[in-house]
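The chain below stands alone and is given as structure tokens, in the form predicted alone.
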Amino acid sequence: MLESRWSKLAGLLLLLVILFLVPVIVGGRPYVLHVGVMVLLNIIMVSSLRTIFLSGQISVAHAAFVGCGAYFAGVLAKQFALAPWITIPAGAIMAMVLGVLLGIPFTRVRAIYFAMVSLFGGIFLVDLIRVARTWTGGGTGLSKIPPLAQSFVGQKVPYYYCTLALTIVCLIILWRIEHSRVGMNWKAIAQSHLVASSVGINEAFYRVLALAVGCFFAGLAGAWYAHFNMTLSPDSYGFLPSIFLVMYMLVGGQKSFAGPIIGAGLLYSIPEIFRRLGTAAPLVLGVVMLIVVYLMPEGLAGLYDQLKGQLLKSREERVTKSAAED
């Protein structure tokens, strides 16, 4: 047990060192660092989506809340010239408020029915962005959003390191929440809301709290993206982007905290790696997802445990066979 914990810690430290050295490894190439920043932001988005999933709720509108945070931060920065240290938290809070407003009337709606409600809510939010064209630019999008800092303009390395720091902080907070009493209550509700209610867990409160936490971090990632990309389009926050976030979580493994990290890191990178294939690039992504779903029911995060179980099983079989021969 102790050896396993130390091995995981050593692996985590090695991963952090590699991530820190990425700009050096790739020679500071802007395109690669841009993809790296997007991978890190997607990790925050998918991890926050998993937080909602922990309470037994399936949201297919997560990208819409990312867009709410992005557009709110972008409008505040462009129209009111507010600093990013104000607009980014404000975007996260706005996404959280909208998530709570969506969740409160539907706390008793579960499973596929909640997914349907979230779908309509996401469509409404994206349409609202399109309609408020005076502020958001409508279908043409919002452009000329101020960067995080003027010195960052045209520089990808500072953005990469700042985003890496943000991702680490967000993941630590989400991990602590999941392993706290709140996280245990979420899991209890997901397993059986009737049993959870019978032991005094307020199901409605914790379901809304899960939405609040998940939407806050989704909005935070969106607001950060607004100051990184400096241009926003409502098409980036519709139904299909939300489905991609769900797929990243499922393929990575929704039962493990590392699942969304692995899923977002791998699946977002695949189309970029195979971009030279043109329209065939999504086909590679689809093949990878089908292989994972068919061969790894626990997702990519469960691959280690699956291989470990197979090795232990084969070892036991060899020992048993050897003992029988003797």
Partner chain sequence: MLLKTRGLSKVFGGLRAVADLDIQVADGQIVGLIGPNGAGKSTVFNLITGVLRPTAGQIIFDGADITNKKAHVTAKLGIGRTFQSAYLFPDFTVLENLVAASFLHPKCNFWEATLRTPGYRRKEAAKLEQAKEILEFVGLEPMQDELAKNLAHGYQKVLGVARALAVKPKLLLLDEPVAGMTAEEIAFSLDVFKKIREQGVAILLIEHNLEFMTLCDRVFVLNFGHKIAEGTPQEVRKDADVCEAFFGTEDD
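Computed from a prediction, not measured in an experiment: that's the story for all the values here. Numbering follows the first chain given and starts at 1.
There is also a form predicted in complex with its partner chain; it is not shown, and the following applies to it.
**Q** So in the predicted complex, does Asn202 come within 4.5 Å of its partner chain, heavy atom to heavy atom?
**A** Contact with its partner chain, yes.
**Q** Check whether Ser236 has any heavy atom within 4.5 Å of a heavy atom of its partner chain in the predicted complex, and answer yes or no.
**A** Outside the cut-off, so no.
**Q** Is Ser143 a contact residue for its partner chain in the predicted complex, using a 4.5 Å heavy atom cut-off?
**A** Taking the distances in the predicted complex, the answer for Ser143 is no, it never comes within 4.5 Å of its partner chain.
**Q** In the predicted complex, does Gln79 have a heavy atom within 4.5 Å of its partner chain?
**A** No - in the predicted complex, heavy atoms of Gln79 and its partner chain never come within 4.5 Å of each other.
**Q** Tell me which of 145 to 153, 170 to 178, 81 to 89, 67 to 75 has residues with heavy atoms within 4.5 angstroms of its partner chain in the predicted complex?
**A** The contacting stretch here is 170 to 178.
**Q** So in the predicted complex, are Leu15, Val22 and His34 all sitting within 4.5 Å of its partner chain, heavy atoms only?
**A** Negative, none of the three is within 4.5 Å.
**Q** Just to be sure I understand the contacts: of Ala188, Leu98, Leu164, Val208, which is the one whose heavy atoms reach within 4.5 angstroms of its partner chain in the predicted complex?
**A** Selected residue: Ala188.
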